[in-house]
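For reference, the chain that follows is the form predicted on its own, supplied as structure tokens.
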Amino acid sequence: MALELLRDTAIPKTAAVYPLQWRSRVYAIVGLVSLLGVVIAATLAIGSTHIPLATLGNILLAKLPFIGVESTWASSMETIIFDIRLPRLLLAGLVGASLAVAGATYQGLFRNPLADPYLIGVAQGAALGAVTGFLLPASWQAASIPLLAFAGALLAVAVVYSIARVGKTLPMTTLILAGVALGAFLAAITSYLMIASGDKLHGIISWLLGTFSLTSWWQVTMVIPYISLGIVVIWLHARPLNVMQLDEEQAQQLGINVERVKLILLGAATLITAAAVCFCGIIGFVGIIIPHAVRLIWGPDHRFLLPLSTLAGASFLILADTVARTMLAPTEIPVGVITAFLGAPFFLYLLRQKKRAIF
């Protein structure tokens, strides 16, 4: 009898029980998809060279098969859209989506709204790898910086995981402590290398603050497989993640292989975070504010929280990057500065709310 009651409370209700809730969340997904489309169209038109929306629509239609559109625009507009703005916009959307989903996953695993994708050493490992790449000969940097950043992020989490694992279990508190300790160690090495970098320091700082200024199509094609695979894996584990919100022992009694789910989710979240930061640098607060805001508005059910966070994160970072490249044009602001400006007050708000909940 107790097990049946537990099962009723652990697993979210079906659409037959809460049809209005499900309907509102489906409407929310449709609304965010529409918002993302509007954001993409608007940001493609905005920039130092303004492109009217009608012209933008004709340029995009001209690329579709079996549609004949007379070319009445300058060829430079096509270059701006397809070679500069579109790959940058797509990479920003992919990075925003991956950081938001990874943040939602970490918040669910740790059952803490203040958790973010960089909690267990991803950022510090990526930063050390990237700084090492900057110190290599200039001819090697274009390929070595993202590769070393990606490898450093994965290796840092692998070390943290091996330190925190106790037998066949993975205590979350130990995982956090191991991540903080290793992160501090890696940050110290990174700081020393930055001091010794000489005239390369400006490029290192620009990367660490986050930027999409050098985005190209090959970067987009490189990260799409990793981010797509990781997000799909996380989405497929939304229901076990819901059950684990109660307690690990109770989830185990309900048939969830808790340790296996934790390993899969940590691996997938680490993969998409590493892929997100390897080209654009460390962009903070997206993984905190987006999933928590979505949770406040539409609830904690991960079957909706994860796709909603994906769409909201993509839209948010595209808009943040648009502000970064247009606010002081032709000078660009690092996109990490924009997200920190928006995210830091929200983070302080979360801390204050958590403090009230405790006391």
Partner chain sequence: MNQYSRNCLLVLLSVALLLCLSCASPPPAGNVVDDLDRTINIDEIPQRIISLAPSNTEILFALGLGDRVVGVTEYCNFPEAAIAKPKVGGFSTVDIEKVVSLEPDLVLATQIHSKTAIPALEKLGITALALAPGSLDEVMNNITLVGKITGQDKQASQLVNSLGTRIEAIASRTQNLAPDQRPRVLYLTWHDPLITAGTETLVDDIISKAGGQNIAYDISGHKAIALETVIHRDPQLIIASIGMGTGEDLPWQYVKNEPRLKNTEALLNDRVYKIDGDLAHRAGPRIVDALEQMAQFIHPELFEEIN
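Positions refer to the first chain, counted from 1. Quick caveat: nothing in here was measured; it's all calculated off a predicted structure. Whichever C-alpha set is largest while still superposing within 1.5 Å between the two forms counts as the rigid core.
Beyond the structure shown, there is the form predicted in complex with its partner chain, which is absent from this document and is the topic of what follows.
- In short, of 101-109, 181-189, 133-141, 119-127 it is 133-141 that has heavy atoms within 4.5 Å of its partner chain in the model of the complex.
- By the criterion of a heavy atom within 4.5 Å, Pro330 is counted among the residues contacting its partner chain in the model of the complex.
- In the model of the complex, Gly47 approaches its partner chain with a heavy atom inside 4.5 Å.
- Residue contact check for Thr79: one or more of its heavy atoms lie within 4.5 Å of its partner chain in the model of the complex.
- Residue contact check for Ile84: one or more of its heavy atoms lie within 4.5 Å of its partner chain in the model of the complex.
- Comment: its partner chain is not present in this chain, but in the model of the complex one of Ile163, Leu214, Leu147, Leu229 has a heavy atom within 4.5 Å of it, namely Leu214.
- In the core-superposed comparison between this form and the one not shown, Ala74 has its Cα shifted by at least 2 Å.
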